[in-house]
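Next up: just one chain, as structure tokens, the form predicted on its own.
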């Protein structure tokens, strides 16, 4: 299926301010970027680089005054996310090297503090995919998804004591529990078709059965229609923008996602 996504960010900049944006999806085996547009107003020189996780990052200095970033994409992606009950656990010594950073504790995913809880959650499950599914059920069963409930980023330990959380924080808890079982897990930020209310979305992927699989504690079923924009160890690695220096005001953020028919491509 093909879907289009747009994101508009409108800032009030008090003084010239350095930014790093992470707004461009990249093509890969799970998605293909057919068209894209990236507009800055006013236009300023921009340098793009790839971070250690393969994310496309745009570096610029925004001038004082009103400044906006508008992106739009048309991406071919799966209508349904793959599920693989029974996919086996991969022994650490057999893991690809690029998955190893996603085994370690990180700022918001304190996996070293979840060993006992994770073991109790997955008791009786086959090692691998089924353990990840049990973890998702635990997160969904103990924490209510509440969009807009938290502007401050919280860690997995904090989320585990909260009755409600946003998608980002629920992903942190799922990631920490997976890593506690030596299953590589990474955060993903991007777009999800039919998300209500519409916004950028966060979920996680776990490496089992020789590949990455999608898990989303906020959704009752494993829906597709996703565009991944950024991957990282946790929210600290996948911010859609990072500004340096004096605070700036984000005046507006509008996100839209729509399915395209073949005739529109």
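What you see is a predicted model; the values in this text were computed from it and never measured. Numbering follows the first chain given and starts at 1.
Keep in mind the form predicted in complex with another copy of the chain is missing from the figure; the text below concerns it.
A.B. asks: Tell me, please, which stretch of 160 to 168, 100 to 108, 186 to 194, 125 to 133 lies within 4.5 angstroms of another copy of the chain in the predicted complex when heavy atoms are compared?
C.D. replies: Going through the listed ranges, the match is 100 to 108.
A.B. asks: Could you tell me which one of 236, 240, 198, 222 places a heavy atom within 4.5 Å of another copy of the chain in the predicted complex?
C.D. replies: Spelling it out, the residue with a heavy atom inside the cut-off is 236.
A.B. asks: Is there a heavy atom of residue 63 no more than 4.5 Å from a heavy atom of another copy of the chain in the predicted complex?
C.D. replies: No, residue 63 is distant from the partner.
A.B. asks: So in the predicted complex, is another copy of the chain close enough to residue 112 to count as touching (4.5 Å, heavy atoms)?
C.D. replies: Contact check for residue 112: yes, within 4.5 Å of another copy of the chain in the predicted complex.
A.B. asks: Under a 4.5 Å heavy atom criterion, is residue 58 part of the interface with another copy of the chain in the predicted complex?
C.D. replies: Contact check for residue 58: yes, within 4.5 Å of another copy of the chain in the predicted complex.
A.B. asks: Please check if residue 93 has a heavy atom lying within 4.5 Å of any heavy atom of another copy of the chain in the predicted complex.
C.D. replies: Flag for residue 93 set to yes.
A.B. asks: Check each residue of 9 to 48 against another copy of the chain in the predicted complex and list those with a heavy atom within 4.5 Å, in sequence order.
C.D. replies: 18, 20, 24, 26, 27, 28, 32, 33, 34, 35, 36, 37, 38, 39, 40, 43, 46, 47, 48 sit within 4.5 Å of the partner.
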